[in-house]
Ligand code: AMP
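Starting off, we have a lone chain in the form predicted on its own, written out as structure tokens.
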Amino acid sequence: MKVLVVGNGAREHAITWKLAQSPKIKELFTAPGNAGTARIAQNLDIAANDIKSLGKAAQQKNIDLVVVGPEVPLAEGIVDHLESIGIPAFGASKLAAEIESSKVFSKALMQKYNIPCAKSVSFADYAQAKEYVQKQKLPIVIKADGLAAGKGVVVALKMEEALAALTEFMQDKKLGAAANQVLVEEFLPGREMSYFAFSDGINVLPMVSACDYKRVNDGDKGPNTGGMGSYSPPVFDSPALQKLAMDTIMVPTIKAMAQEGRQYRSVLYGGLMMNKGKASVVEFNARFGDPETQVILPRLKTDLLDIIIATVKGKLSQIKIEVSEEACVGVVMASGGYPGNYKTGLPISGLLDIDSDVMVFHAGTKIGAAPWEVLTNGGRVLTVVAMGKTIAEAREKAYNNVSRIHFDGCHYRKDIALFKS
């Protein structure tokens, strides 16, 4: 088969890396890709949200399957477009992707079908939202309705933080149209995990879960980012917890989407809060997570292409997912200043000094002028990933290799998968 992976992040590099292991693949393409995907696939210079150009390229190159990574093209209907021109695609349809692209829709769906989630109220009017917030107990959560690259959620511990978030979102338009509506939610205590399941619209097949670190600095300090690292499996994971997540959240959600005429055929990512034997939804994403994909795909033993084809063709009941018992830890290396302003075009050294069993998934990178020269080209630059018999072993191996890579201003969290004994 000829397969095209859409996107240019470490998630897409990990997907491309995993697909490259399938004996069924003849040619692999990525669009636009990065310096990492260029080593294992052919990069096409087409933006991930340039849907028509991607469709034309897929036709010209006789692509058999397109795998969509990022949320923006999904929300803009890339899967619908590709299918309309006869190209099978793995990803949520535009209607199904609203489970992520509109938090107001997602919350209404959960409330209608009694799927456990935080209590919340949505607002399109700033004055009404402000009046409501001032009457609530703290902490409280303020969320933008639309896509905001991981920066549309504020957990406010103080009233001034909540009101500042409302002002930035609704009056200053810091997130543009994404915050035309906001949700004000109760704070859910507990331990959060990222739960993944494949669905062909009817059948639901669980994948491994993971935990990620969203804030930029150690100790969960500083602003939210797209994710600074992750590990799998969660330290608090158990078969009972997995069954709880499937029975009370993932399966009912897929059934609810079908009831609403939004058949869900893709991977569904549930950000779940676990507390006192109960699971509640923090949010849904209509795709693989980033940085979680970088630690769940290395654990996957089953051919990813087989799972994807079964998902697209409605045949997931014929698939059995096998995963490694080993743990996996990923550490994100970011540009100085991220998630604020940062420089690009800086040379990266040490990429050839990495252990053979350690993976380095590229995100914000591009190929330089000299052979094997790699330059920074984004906020999150690399995810260094290692496996081990225990989380501690995988963590030590990951950080040992992180220390060998350098670029000016590089920063990373030192506490990914670090637990007090």
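Model, not experiment: these values are computed from the prediction. The first residue of the shown sequence is 1; numbering continues from there.
Not pictured, yet referred to below: the form predicted together with adenosine monophosphate (AMP).
Heavy atoms within 4.5 Å of adenosine monophosphate (AMP) in the model of the complex map, among the stretches 76-84, 235-243, 137-145, 251-259, onto 137-145 alone. Between the options Leu205, Leu305, Met273, Leu109, the residue in contact with adenosine monophosphate (AMP) in the model of the complex by a heavy atom within 4.5 angstroms is Met273. A single residue from the set Arg299, Lys214, Lys174, Lys130 has any heavy atom within 4.5 angstroms of adenosine monophosphate (AMP) in the model of the complex; that residue is Lys214. A residue is said to contact a partner when one of its heavy atoms sits within 4.5 Å of a partner heavy atom; Glu98 fails this definition for adenosine monophosphate (AMP) in the model of the complex, lying far away. Proximity of Ile319 to adenosine monophosphate (AMP) in the model of the complex falls outside the 4.5 Å heavy atom cutoff. Within this chain, Glu186 lines the site of adenosine monophosphate (AMP) in the model of the complex, having a heavy atom no more than 4.5 Å away. Looking at Arg265, you'd find every heavy atom of it more than 4.5 angstroms from adenosine monophosphate (AMP) in the model of the complex.
Scanning 103-120 for heavy atoms within 4.5 Å of adenosine monophosphate (AMP) in the model of the complex gives Lys103, Ala118 in sequence order.
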